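Have a look below at one chain only, the form predicted alone, in structure tokens format.
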Amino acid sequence: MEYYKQNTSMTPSQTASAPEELIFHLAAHSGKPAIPLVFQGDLVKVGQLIAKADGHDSANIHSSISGEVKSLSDYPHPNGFNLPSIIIKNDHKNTKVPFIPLKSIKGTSKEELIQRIFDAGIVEMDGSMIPTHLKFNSQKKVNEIIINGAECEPYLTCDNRLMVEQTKYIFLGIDILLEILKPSKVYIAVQDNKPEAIYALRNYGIRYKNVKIVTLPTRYPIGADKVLVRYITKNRSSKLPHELGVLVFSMASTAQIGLSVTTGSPLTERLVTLSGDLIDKKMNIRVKLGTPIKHLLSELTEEKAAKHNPFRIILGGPLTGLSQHNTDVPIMKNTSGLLVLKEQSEPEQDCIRCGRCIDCCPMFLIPTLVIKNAVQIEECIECGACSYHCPSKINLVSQIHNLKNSKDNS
């Protein structure tokens, strides 16, 4: 598998300009959508709470700009639906609410640290978007924490740049997790194709006796939580990580915990990898949440788009991300990449029973049997490896995903 990371992995990140209007979906996380706290015509500031969590399985939403609430209306969401949103017109003044920094992590109660994470609206900034505070509800003693810096999907390098440029906040996040969970060991898992990040982490973490940097082979999908836990703990149980006394946190969320808890600033922006065949200036770019993706695709002119049509716009990675047909959709808390790729889809053919989908499955499943009889369907992590390696171009993972949805809705 070609990973296409060389164009962005070694280049310092940049900062995107703010657009004229930003869109904040109330469903900006898994769980219940947030409840809006603002109305049309209200003036808001950077970092202001504009929608509060609806219960414990929800997350707060903060404005990433200052300006005026233009409307509360349905707007295109990356999942393909029009969902309730807050649209804010930018006044470009960047007026901020005052943040209250934490004096010291040591001596601060577990409850206060978790409350600060909740208040900041932090979610797992990978595909799951699970509110991070929910991870502290485990009834089982947490023995090990894994900070997931594998970033194994092609093109994506935003976590790599985060490890190089925001090492301080990653370790502050680890300090906070240590204070809350009291684990015996912390692992920072990084693929061996990130030498600059590995050096930065080892250099900064030299004084941490219970933190170990684990270098992973460059292999997809070793960054999937279940696969990662198996590799590090050598436990091949089918149980979920938390049932084994292991919690996995994304690298971006760990850094955000370090930043938000110590400074008091909420989650309002993130690093995004901008890459792909039709992007000339490939980069990692810090983007305000709510920015429409069309604002970042200025290079994709009508002339270039027509020349390379058909093409695909993907939020996330090419194997697990979501294809987009509307460039009005905004950057979300879990948007790790914005890719524009030439369309290379080929027509599906009949299965030739070659067994490649079985050989490449990291969960040791038989994908065709999963599809036919739903055998071990919940074990599938939807990594897309089976579809990628299938010579008949059968979209196995899409069929499994649809089966899961139909099972949930029945």
Partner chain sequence: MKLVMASSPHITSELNVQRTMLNVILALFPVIFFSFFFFGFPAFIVIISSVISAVLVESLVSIIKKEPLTVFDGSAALTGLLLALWLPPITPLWMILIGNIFAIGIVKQCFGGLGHNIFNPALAAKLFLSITYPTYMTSWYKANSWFQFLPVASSTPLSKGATLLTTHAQLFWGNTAGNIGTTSCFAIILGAIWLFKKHIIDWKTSASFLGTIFVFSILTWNDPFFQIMSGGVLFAAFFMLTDYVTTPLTKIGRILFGFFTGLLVISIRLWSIMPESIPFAVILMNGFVPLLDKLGVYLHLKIYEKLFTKHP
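Definition used throughout: the rigid core is the maximal C-alpha set that superposes within 1.5 Å between two forms. Positions refer to the first chain, counted from 1. What you are looking at is a predicted structure, and each value in this text was computed from that prediction instead of being measured.
The next section is about a form of this same protein that is not shown, the form predicted together with the partner chain.
The three residues Arg312, Leu341 and Cys354 all sit with a heavy atom within 4.5 Å of the partner chain in the model of the complex.
Heavy atoms of Pro12 never reach within 4.5 Å of the partner chain in the model of the complex, leaving it off the interface. The partner chain is not drawn, but in the model of the complex it has no heavy atom within 4.5 Å of Ile105. At a distance threshold of 4.5 angstroms between non-hydrogen atoms, Phe39 is out of contact with the partner chain in the model of the complex. Put simply, Lys135 is far from the partner chain in the model of the complex: not one heavy atom of it is within 4.5 Å. This chain is displayed alone, yet in the model of the complex one of Gly47, Gly67, Pro33, Gly384 has a heavy atom within 4.5 Å of the partner chain; that residue is Gly384. Here is the short version: of Pro131, Pro183, Gly127, Pro318, the single residue with a heavy atom within 4.5 Å of the partner chain in the model of the complex is Pro318. Picking from 213 to 221, 67 to 75, 279 to 287, 258 to 266 the stretch near the partner chain in the model of the complex, with a 4.5 Å limit on heavy atoms, gives 213 to 221. For Lys342, a C-alpha deviation below 2 angstroms is recorded between the shown form and the other one after rigid-core alignment.
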